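Taking the form predicted on its own, here's one chain by itself in structure tokens.
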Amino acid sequence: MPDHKNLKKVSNGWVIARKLTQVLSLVLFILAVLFSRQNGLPSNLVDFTVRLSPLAMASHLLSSKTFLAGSALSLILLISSLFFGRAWCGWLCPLGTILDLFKFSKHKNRRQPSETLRKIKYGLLILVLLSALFGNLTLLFFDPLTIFVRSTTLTILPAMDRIIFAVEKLLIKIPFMSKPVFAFDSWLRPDILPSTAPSIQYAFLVGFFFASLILLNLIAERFWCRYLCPLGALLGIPSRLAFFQRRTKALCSECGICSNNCPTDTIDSHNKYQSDPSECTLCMNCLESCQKNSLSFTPKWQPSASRPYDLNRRHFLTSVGISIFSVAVLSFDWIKNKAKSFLLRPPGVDDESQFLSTCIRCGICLKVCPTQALQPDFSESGLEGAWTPILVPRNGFCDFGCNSCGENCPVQAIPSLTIDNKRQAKIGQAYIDQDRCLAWSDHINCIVCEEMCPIPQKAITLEYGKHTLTDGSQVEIMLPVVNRESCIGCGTCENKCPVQGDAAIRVYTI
């Protein structure tokens, strides 16, 4: 007869080890995203946040036809699933850990969704990979690591920034608290949080999607992992041959406690409480709850049996058809019917089609941009370019002495340029709207654009003009003029233009 006390202690040890690993992994991912900024962590340390994803790296390889040296990390993760199954999902995935943190009360008698829904993630996997094969990476929006990075960058950190600022604003009114608050804020900014509150367009949509994944836990625990995650599907395929699998022994009393505690509901009460290794995340909850020592995670090469929700040929062909249709829809750009006047890409991006087939929509470049000039896009590049970065000068200018976006891009979609080369890379071309310019239309001596132009030889010069007043007298006006050869389209002039609404000087696509 087994010693139940010792068994419980060992089981608890595995669960505690898994939870500690989850917390440590989540902290490391957060720190990598948090410090992925100018003067932060080395870029090769930051890159791992997305280069760990076999789905993102495989899609990038299929789309761009280039192999990134750093993507070997994802290959290691994929191979590891042959030994440990989907342990990544239960032990290391930051999104999975967040879903566990928001685990809602579980009703044992609550009816679980149909098992056939597990096919969705395999269909989505085929959809993502085939779309990538046709050069479209838009659907990498569903990769869990890019979801984590994008959500952290565009919604969670900005929300935290505003909360912290609001608390500081209240505390600073207390006389004895002002000094500690200033000290804390000087430590916090700009090394951890930006000096000014982030302003990200479409941040609400990103936050809504992220919140929806969490709220799906109300339907079933880890709903995303069970039914929707394409990376989980990719890791689940080799996991069917996993060396370490959950196995039941003959002495199992079929009490059902393990099934109630399984977060992915993969323990089949109708099949002697066996589990599917392609769905099991090795969380060890079942091992902890078993009182009969009737479970084991022993090493043995044995392919798992087929399941009703496995993709068959009909479902595969259906997924292929949907993929082709989706690529056609995403590539059909009704915005092409109008000029893309303000489709300004980060410095160094010259080939739009190559950029779209390389950018994985992770949002790291948006995070590292010190002026918040880079923003996620929908309106200029259409569905095919959804969530890719564009420069919005009115929101922020491209810092003349910064090359962080290229330095931190994990897939080299944005070229890594030296500061000297970056200062010569043309982003767009500035044009003056003389009907809105204070100098040209209202005859006011405004020279802000000329003063703020960072180009050493000045891309904006001033010409003297004369204006006749109503009394017949004449005044001299300094009129700004753009030097086409010198202007690189950094957007500083547009950003600093004092005219309300649309600036009188705007950067257009070359």
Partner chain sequence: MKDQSRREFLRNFILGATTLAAQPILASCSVKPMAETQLPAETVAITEISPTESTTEFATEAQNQYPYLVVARGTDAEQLVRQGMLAMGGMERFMKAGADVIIKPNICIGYYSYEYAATTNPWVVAALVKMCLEAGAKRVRVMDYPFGGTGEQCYKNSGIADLVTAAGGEMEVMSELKFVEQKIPNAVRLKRASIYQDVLTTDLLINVPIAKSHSMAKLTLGLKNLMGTMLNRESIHPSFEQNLVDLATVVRPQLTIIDAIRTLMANGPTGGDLNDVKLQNTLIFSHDVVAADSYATRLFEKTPEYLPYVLKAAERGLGKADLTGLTIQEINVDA
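As the structure is a prediction and not an experimental result, all values here were calculated from the model. Numbering follows the first chain given and starts at 1.
The protein also exists as the form predicted in complex with its partner chain; that form is not presented, and the subsequent description refers to it.
J.: Of these, 318, 114, 434, 199, which has a heavy atom no more than 4.5 Å from its partner chain in the model of the complex?
T.: Looking at 318, 114, 434, 199 one by one, just 199 meets the 4.5 Å heavy-atom criterion.
J.: Of 34, 477, 62, 448, which residue is found within 4.5 angstroms of its partner chain in the model of the complex when only non-hydrogen atoms are counted?
T.: Only one listed residue qualifies here, and that residue is 448.
J.: Name the stretch, out of 223-231, 200-208, 302-310, 137-145, where some heavy atom lies within 4.5 Å of its partner chain in the model of the complex.
T.: Single hit among the candidates: 200-208.
J.: According to a 4.5 angstroms non-hydrogen atom cut-off, is residue 454 in contact with its partner chain in the model of the complex?
T.: Residue-level check for residue 454: yes, a contact with its partner chain.
J.: Can any non-hydrogen atom of residue 462 be found within 4.5 angstroms of its partner chain in the model of the complex?
T.: Yes, residue 462 sits close enough to its partner chain in the model of the complex that at least one of its heavy atoms falls within 4.5 Å.
J.: I'd like to check something about residue 185: if you look in the model of the complex, is any of its heavy atoms closer than or equal to 4.5 Å to a heavy atom of its partner chain?
T.: Residue 185: yes, in contact with its partner chain in the model of the complex.
J.: Check residue 444 for me: does it contact its partner chain in the model of the complex (non-hydrogen atoms, 4.5 angstroms)?
T.: Yes.
J.: Answer yes or no: in the model of the complex, does its partner chain come within 4.5 Å of a heavy atom in every one of 172, 181 and 500?
T.: Every residue of the candidate spot has a heavy atom within 4.5 Å of its partner chain in the model of the complex.
J.: Quick one: name the residues from 392-406 with any non-hydrogen atom within 4.5 angstroms of its partner chain in the model of the complex.
T.: Stretch hits, in order: 394, 395, 397, 399, 400, 401.
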